[in-house]
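Look below for two forms of one protein chain, each set out as structure tokens: first structure 1, then structure 2.
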Structure 1
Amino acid sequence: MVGLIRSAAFLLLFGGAILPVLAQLRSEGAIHNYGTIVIKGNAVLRQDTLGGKVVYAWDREGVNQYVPHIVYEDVRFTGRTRKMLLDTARSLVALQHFESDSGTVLRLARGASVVARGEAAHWGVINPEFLYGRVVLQGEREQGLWGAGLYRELELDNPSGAQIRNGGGFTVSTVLELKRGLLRNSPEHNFRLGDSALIIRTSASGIAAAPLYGRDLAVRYVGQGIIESGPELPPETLPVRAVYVENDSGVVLRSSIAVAESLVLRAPIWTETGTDTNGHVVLTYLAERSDPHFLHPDAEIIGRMRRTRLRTDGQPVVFNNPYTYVQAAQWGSIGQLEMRVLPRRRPWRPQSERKVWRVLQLRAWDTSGGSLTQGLNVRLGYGWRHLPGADRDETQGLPVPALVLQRWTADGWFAAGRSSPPQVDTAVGWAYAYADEVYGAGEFAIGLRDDARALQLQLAAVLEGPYRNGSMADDLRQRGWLPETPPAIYPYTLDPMRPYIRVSPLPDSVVDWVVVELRTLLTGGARYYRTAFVRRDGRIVDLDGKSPVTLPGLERGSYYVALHHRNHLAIITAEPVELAPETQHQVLALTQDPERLLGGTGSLRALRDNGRTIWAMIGGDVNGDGRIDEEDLRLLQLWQHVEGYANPDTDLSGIVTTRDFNVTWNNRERVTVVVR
């Protein structure tokens, strides 16, 4: 039958009979099909369901074939004519079989969909000009899926799952949504994901094997319950563009992954669980100038998180939660950092009774991939769940204001840098703080300040300029010219904490500010700086004006000790000095034996006092460049009679006089042996 077929009542087609329609099929009644209808024109069908096989086979380029959205028992598409599926009010449903031939184009309107409840063999192309067009697998028994066609959006919503057969070969270019059931693929029967595709997955679904991944894949987890990750996530050697954890209970990672651009969490990600503490799984975040987004107080990464590209804009590099970060003005040799955070765990080391129940570990690597344990000099931010009375509370009744960051060493828990006073955000149930001058990696805890030990250094030295009659003069302090914050000049700018130092009132007997430096090597290596005071009696003391210099975060070991002053030549020990708890009572006096210093007597000035020799740091380096020369003398002439806190005042009297000129002149051509 060729031409227009109209059906006002019904049309019967039995057995293997084929009804070819070469123009238009328009039915106002019912067609009872038990054979095959081949439609080579447009069709208008008013009935809800059409049995048998229906083939839309118009094979003419440049025209469209409009397809009714009804329920078909078996529907197939062939021919070059574009098949138009434009009904957004209802889906086209295939009960037993859905198939398209190679070269066939299906044009689905936005919001339109095809629902396959049986087999699906797709060889054609859906919406070549657009990124939408949904096909849904929605059977009750396992469905078969094959063909080398192009899907834009493929959805699995079948609790019995779907089996890829006959080698598979199709591509999902935009969205693979796994709502219910297992998509059973294998290396022999597989499919491909397009570049920038998105996988959406719930806890009731999954994928059996790794697909052929495209570039820039994104994965979104939705729905209820905990989801264990599977092959929807590529291995860490193939970074995923973005991961969104939007399900209510979070995701357990079963293998290491790398995220290139975006990580958004409304619930936790576990790289290790309570029963799995081997810590081999790592989430690596590759973005430099963006950080993970935590959209719920419970959202954090539990386990290991690594950052391989560290921010160069001075902003914090955020890790496992919004309060855990590492920050540095310059990273130096640091190339990568990794944080391991385990909530609700008492630190494993001894003496952990008065600690917050949260494990923190920091690892670092240099730019060549070598492990770093010392010499970091970073700000380390940390946070913990503060929920008094709740099962998830990690504070364990400890007084929050008395808590500081501590680091485990072979000698016990020591203060890790200078901890800020903790803050509490009761709205979200977090407490948080940070510690500056964290020099070592390793294992950390949040504990009571009284339990945090720190190495100390007892040091003594003399400045030539202010030395008079057996001691140094503290004229600057007495006249009110000694600043409460070290000025922004050498050597005080060596200490990254300089801007945060303020001492008011200044302690008695303080002569001036100095900087103590510890080095692992004479040149290069790790360096540690602490700003301190030099007193009239030569003792170098901490900011309280009486205690030995504390070294929070410094691990026991051997260090070269250097001392810097703004207008005296710096000095450094000739050999490393052992710093350990058992050696802290020993005083390192740099005034008695010049052989202990690099350069010996040539690096010091001999002063006579009551028949004995005092060895002092050499004065007269007005511009602080490490040598005393014509430039220093020129500056002295420019500053004659100036009063106040000024570098040309080499005797630290508060006024530039001929005495200062004499100090500089007598030491002309002297050069420090300390390499900066």
Structure 2
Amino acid sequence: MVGLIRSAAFLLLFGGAILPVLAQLRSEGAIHNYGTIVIKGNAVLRQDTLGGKVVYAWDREGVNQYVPHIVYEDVRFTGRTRKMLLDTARSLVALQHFESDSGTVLRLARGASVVARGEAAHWGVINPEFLYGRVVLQGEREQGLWGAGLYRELELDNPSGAQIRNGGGFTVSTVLELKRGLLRNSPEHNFRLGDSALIIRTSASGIAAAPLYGRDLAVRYVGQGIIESGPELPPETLPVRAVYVENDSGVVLRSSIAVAESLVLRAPIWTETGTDTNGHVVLTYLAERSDPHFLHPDAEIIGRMRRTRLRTDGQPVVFNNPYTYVQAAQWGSIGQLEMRVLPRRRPWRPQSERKVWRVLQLRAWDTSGGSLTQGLNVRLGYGWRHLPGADRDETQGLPVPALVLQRWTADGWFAAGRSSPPQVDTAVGWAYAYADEVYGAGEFAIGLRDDARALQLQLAAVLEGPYRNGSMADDLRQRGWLPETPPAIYPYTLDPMRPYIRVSPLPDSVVDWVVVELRTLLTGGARYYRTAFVRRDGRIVDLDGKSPVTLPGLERGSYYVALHHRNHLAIITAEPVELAPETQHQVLALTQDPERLLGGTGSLRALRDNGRTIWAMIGGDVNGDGRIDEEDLRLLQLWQHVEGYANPDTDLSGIVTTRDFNVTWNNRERVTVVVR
């Protein structure tokens, strides 16, 4: 047993079966080792390399064993003494073998690292108190990797990759950086990722099989070229905390993932590529309050993106790019949304010749997971690449101001909601807009306004108040008191487009403004509102005063049809009405047959007209609260003699007299059955 070797100007030779055990090693010269040096004390070496096997084996608790950072042929660490690797100027290099024993602690200073160019058998623990401590696998041929130790930072920078052997079992707790080479693992020979670990990947590296994932994993893609995702991303059942796409060309997802907190893109993510029209890979973004960060104009998610937690603060829920979002003040029954965006792709439906080359698809599910195709009532933001003359241009020469959002229905493209005028940001090469009142999910396109079709509804109803001698009086219009914009009172405020409506001059024969409402359910469900006119003959017409009410963005389907007026009780059909292009020529005379209405005759007022009975909407609801009561009568007395467009003018004559009072009085205690 040798207690101490001091090497100054002489040469020490170790070889064969010699196994010197040193309490301390201090060398000012060179040591040539062909055997094994076991050091149970501190070591100070001036030489750069040391052959043979060197074992740092001090085994005493509470003391440190300092380890010089030189190139070892074979270096092993054992014993309970903490092994101190503190040299940040150079790495400790193991050319053939790096090994640590179970229970051995390696203390690496911040910036210090171990470079293994051969086998690495790590049973010990690196920096149990800290999250750093890097081990680099940097061999030139495939390296073996095993042991059940704890790595803080493990880097693979070996084009030939590394093979996990002997069952693997080690853990990478903080960072697994894959620069070059494949980390070949398998279910039998695997490793574990710690909670909140980060995987950094380039296009030249990867993992062969799924490791044992910890929680809250983050993955960062760096470098050049397109990266195809691999097992570094856990399946969607195990949400990844964050994904950073920082490489220059983006990432192709090969399987569905879920991102819990953060999604940062400097380049695109593809969930589908090529001409596949039935992509099945989905990127699910779980964060409610935060949206993905797009750090480059080219950064977007190409393919499917789903969001399962919709923010309730009324702010947009951003999807595939900064301009694609869904926004709603109330989500109603909507529980999840998914957008599928395919840039540079002409919609594959017929009649798509004059469309922007971008496919947009929206899917929605209710809170119980049932598919929703109608009744969404959301604002849908959409954008496309506007790069005139460039290959990536999607506008395709179409006039941007005339482009609106359209939705494919059974037989054609219909305007989807009410599109805002598109904006163009030439600095980033995007054009964008939004459409309000998008009620249906499905396939969308961005096309010319004139190419859009819309459902129409032929509706008729009689209002009690203005009905006189066989028709309704248009006194307000004749006196010039009918406003050109519906006033900001109920029910006109139901229509979010109200402020943008202005009809000048007002069409002939219009009696007043009304609001047509379409509901998917009698209570709850989605609502669609459309402001229209009621004419003297009872027809409910669009803003041109003659056409049936157009319902842009409304999908064909079954709807309860309700009609609202500012001082008449609202009515609604008892059963849904089928709205479709092939049935829209049929006139729905709401007040003609009380049995068609919810509440039957109780929801209408009978009027005499030359010996026959006319049914009409019940007048007299001055304050528009859906019930006719003392408050209405009080308001009527307060507003006596007032002329103009006023709610107490229940007969719509233009002046408030006791005649208006009597309309209300005669309908005392009547209540609408239409639930707001």
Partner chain sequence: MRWMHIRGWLLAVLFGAVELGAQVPTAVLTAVVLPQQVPDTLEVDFLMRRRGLEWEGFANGTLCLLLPDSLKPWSVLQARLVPGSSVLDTTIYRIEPFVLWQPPVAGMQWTRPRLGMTIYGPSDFPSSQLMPWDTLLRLGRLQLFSTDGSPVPYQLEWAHPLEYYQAFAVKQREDVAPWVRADDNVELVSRMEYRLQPMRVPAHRVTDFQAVYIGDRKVRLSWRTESEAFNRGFLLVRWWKPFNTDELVDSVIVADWQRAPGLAGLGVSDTGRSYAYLDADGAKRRGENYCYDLWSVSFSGAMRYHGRVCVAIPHAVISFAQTDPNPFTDFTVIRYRLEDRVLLSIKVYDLKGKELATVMERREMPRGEYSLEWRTPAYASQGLYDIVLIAYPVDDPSVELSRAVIKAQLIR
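Here, rigid core means the biggest group of C-alpha atoms that superpose within 1.5 Å across both forms. For numbering, take structure 1's sequence and count from 1. Just so it is clear, the model here is predicted, and its values are computed rather than measured.
Taken from the form predicted in complex with the partner chain is structure 2; the remaining one is not. Put the two forms on the same core and the Cα of Tyr490 is off by 2 Å or more between structure 1 and structure 2. Once the rigid core is used as the reference frame, the Cα position of Phe191 differs between structure 1 and structure 2 by less than 2 Å. A displacement of 2 angstroms or greater separates the C-alpha positions of Tyr467 between structure 1 and structure 2, with the rigid core held in common. Once the core of the two forms is superposed, the Cα of Gln584 has moved 4.2 Å between structure 1 and structure 2.
We note a C-alpha movement of 2.9 Å at Arg634 between structure 1 and structure 2, with the rigid core held in register.
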